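In structure tokens, one chain follows: the form predicted alone.
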């Protein structure tokens, strides 16, 4: 019932944004290229951030703009702009992450007209003692840029309201994820993906209403009859590939379900909250510095590894699927370390390399073989 609404908004993301624009003419819509963008400032300025994602379809429009050896996700994202699918955007912005997605942003800026564009120098060295002060100073500049563009003063009261709306969304998403700890989870991994990704494309007030109904009225009594399914974790590069998740969860020989994840279209996006304090910008900076890090920022110590192992333990994971967008160097460097650490904890792993189009037939064979090994272990 309520859970199906997330799928609707995921699939009708452009229609939702256009309708929102008609209903709220005093708001702007800005496309974002990464989850490190400071949503709190944007909401306080009456700007709706919309995550730009690909379509998982073949395209031939990005070759003049971006190297073929850049990750397929970045090329797919740029193609959406070149094909006019985000023609309702008033602006675009990116918080510094990887080189590949930055190229998508730069090409979009050069070739697709928008009223506002902003590059936020998000620090890479998050473990530096100076990272929080650095980011706070950059947030000051971003705040002024938003005020100058929108004409809306970003007051402490507006920031407080934005922080509460976003924190509520994060709390509710965490609560929904906690239901997946159950022996018989009331939600599939695909449904969880629809839930999280739709939150990156909707106004959080709208999303929160659906989440509250889901948590209070649907999940407590929902029985999918999947208590005997193999419990999987998925982690790695950005992943909103419906076909892949559906394929894994509908294999009938050794049925499995994803019960937890760590990627930027999953739990990494919402995991921690802004801890309110008198200095609002510092509070926001600390939230983005302290969130589970992207591998481009997870150094010199790999903090995300311990986080992921804890997730696997809390959600009682039996196997982990590690996904890497083809040519994604940051995640490629992580894969061997993560595989070894999970295997040492007795959690078998399967590594798969994604392209724009998932080779479902090949992946199905490999996944079935992987699940067979997990099922065979349960017999002994």
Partner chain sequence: MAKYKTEPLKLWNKAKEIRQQYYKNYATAHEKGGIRWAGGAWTFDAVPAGLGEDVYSLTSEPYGASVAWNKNFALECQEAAEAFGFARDLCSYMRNYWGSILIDKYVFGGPFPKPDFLWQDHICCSHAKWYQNISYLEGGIPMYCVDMGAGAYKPFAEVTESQIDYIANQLLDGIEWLEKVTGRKFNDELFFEACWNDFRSTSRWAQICELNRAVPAPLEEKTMYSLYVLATLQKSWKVVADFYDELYEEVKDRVDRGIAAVENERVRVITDTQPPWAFLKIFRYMEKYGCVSVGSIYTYGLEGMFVYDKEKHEFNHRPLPPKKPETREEACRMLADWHMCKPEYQHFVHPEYKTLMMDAICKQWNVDGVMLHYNRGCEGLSVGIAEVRLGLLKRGRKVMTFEGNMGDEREFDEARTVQRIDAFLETFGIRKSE
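Computed from a predicted structure; not experimentally measured. Numbering follows the first chain given and starts at 1.
Below: the form predicted together with the partner chain, not depicted.
The contact with the partner chain in the model of the complex, taken as any heavy atom within 4.5 Å, belongs to 70 out of 70, 43, 33, 342. Shown without its partner, this chain lists 296, 167, 152, 188 as candidates; in the model of the complex, only 296 has a non-hydrogen atom within 4.5 angstroms of the partner chain.
Residue contact check for residue 91: none of its heavy atoms lie within 4.5 Å of the partner chain in the model of the complex. Using a 4.5 angstroms limit between non-hydrogen atoms, residue 262 is distant from the partner chain in the model of the complex. Residue 111 belongs to the set of residues with a heavy atom inside 4.5 Å of the partner chain in the model of the complex. Using a 4.5 Å cutoff between non-hydrogen atoms, residue 84 does not count as a contact of the partner chain in the model of the complex.
Relative to the partner chain in the model of the complex, residues 10, 237 and 253 are all farther than 4.5 Å at every heavy atom. Stretch 333-341 is the answer when you ask which of 23-31, 309-317, 45-53, 333-341 has residues with heavy atoms within 4.5 Å of the partner chain in the model of the complex. In the model of the complex, the partner chain lies within 4.5 angstroms of at least one heavy atom of each of the following residues of 137-152: 137, 138, 141, in sequence order.
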